[in-house]
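A lone chain, given as structure tokens: the form predicted on its own.
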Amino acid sequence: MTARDVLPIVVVVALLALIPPLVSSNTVLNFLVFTLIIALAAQGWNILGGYGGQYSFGHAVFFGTGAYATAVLQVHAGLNAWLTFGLGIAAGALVGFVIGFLSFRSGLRGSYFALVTLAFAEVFRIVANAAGLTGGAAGILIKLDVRPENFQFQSRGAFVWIGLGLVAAVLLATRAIERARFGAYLTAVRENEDAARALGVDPFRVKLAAITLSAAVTAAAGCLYAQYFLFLDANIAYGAWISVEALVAPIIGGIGTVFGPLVGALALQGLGHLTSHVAGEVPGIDLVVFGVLLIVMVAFAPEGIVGLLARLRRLGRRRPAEAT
């Protein structure tokens, strides 16, 4: 990667990192932390769906596995929270590897693969809702012990910086994938799997690597959620809400782009909060707004916000050239 590749990521992350020292409102900080969690999960989905073309409807299975792994290991095994954070990411990656191996070895693709991921997420939700280890329907509560060594902090700003650090690392990794041979393999598999195979690319290995990496990133979002809110139940960890958010954010922001998931998460969460503030506590109003926005973007800007801005920038450059 060149400095030109890294500089935009550094600038965006640095600007967001300035918010906690300047803003003391817990509402704003909560919004930022939750948005970064969604952006992280969305970036995980984007690696598999945006670059690899393997659309998943069940990324909650990776989010929930990471969240439950870090919570259960702390509560029942007494392990350190920082250690369980890493183990939660590894658990999510392992689940992604197993699901990918079973799905891609069976030749599933398109809507069949999407439905299989949805089925796995639902199975995990049912199991977590019934298992005693996870607290069953009552959920699991991580003990409140506000010390940095326990991954608990007095200020919400610390979680903003940790979330930004994770998002920055994934943004850099995504940019590196774009510039690496693996990124070219992903694009080839997405565009035409049979043609990619004819050129010597192994679609099975490429897709398996993509889903494992995607699952690890999404599991990291689940781990951060568990450490921030200190409570989980099956409907939170494996609920359809996170699968929807992880899917919609890249589509709104720009699928298959580095900044698309982050931009989409900021747009969706910002619009959701604004709508709730204007319309009041109307049940499901945020989902209605998300649906309308999704329809508008797909109809008029299928390349997403990032792609739309790039198109406008190119148009702005073309007009002065034509004028001369």
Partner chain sequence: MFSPEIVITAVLNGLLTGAVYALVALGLTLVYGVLHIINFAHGALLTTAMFGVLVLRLGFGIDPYLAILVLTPAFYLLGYALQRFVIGPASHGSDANILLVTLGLAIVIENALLAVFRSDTRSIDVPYAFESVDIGIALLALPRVIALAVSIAVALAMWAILALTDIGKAIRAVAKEKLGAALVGIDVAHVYAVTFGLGTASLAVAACLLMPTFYVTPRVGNAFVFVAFTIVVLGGMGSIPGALVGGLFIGVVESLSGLYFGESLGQIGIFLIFIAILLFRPTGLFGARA
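The structure presented is a predicted model; accordingly, all values stated were derived computationally and were not measured. Residue numbers count along the first chain shown, from 1.
Quick note: we don't show the form predicted in complex with its partner chain, though the next part is all about it.
Taking the partner from the other structure, its partner chain in the model of the complex has a heavy atom within 4.5 Å of a heavy atom of residue 105.
A residue is said to contact a partner when one of its heavy atoms sits within 4.5 Å of a partner heavy atom; residue 55 meets this definition for its partner chain in the model of the complex. Although the partner is absent here, residue 274 lies well away from its partner chain in the model of the complex, with no heavy atom inside 4.5 Å. Residue contact check for residue 294: one or more of its heavy atoms lie within 4.5 Å of its partner chain in the model of the complex. This chain lacks the partner; the member of 173, 141, 115, 158 within 4.5 angstroms of its partner chain in the model of the complex by a non-hydrogen atom is 115. Of the residues given (126, 180, 230, 94), 126 alone sits with a heavy atom within 4.5 Å of its partner chain in the model of the complex.
Per the 4.5 Å heavy atom criterion, its partner chain in the model of the complex is contacted by stretch 95-103, the sole one of 217-225, 199-207, 181-189, 95-103.
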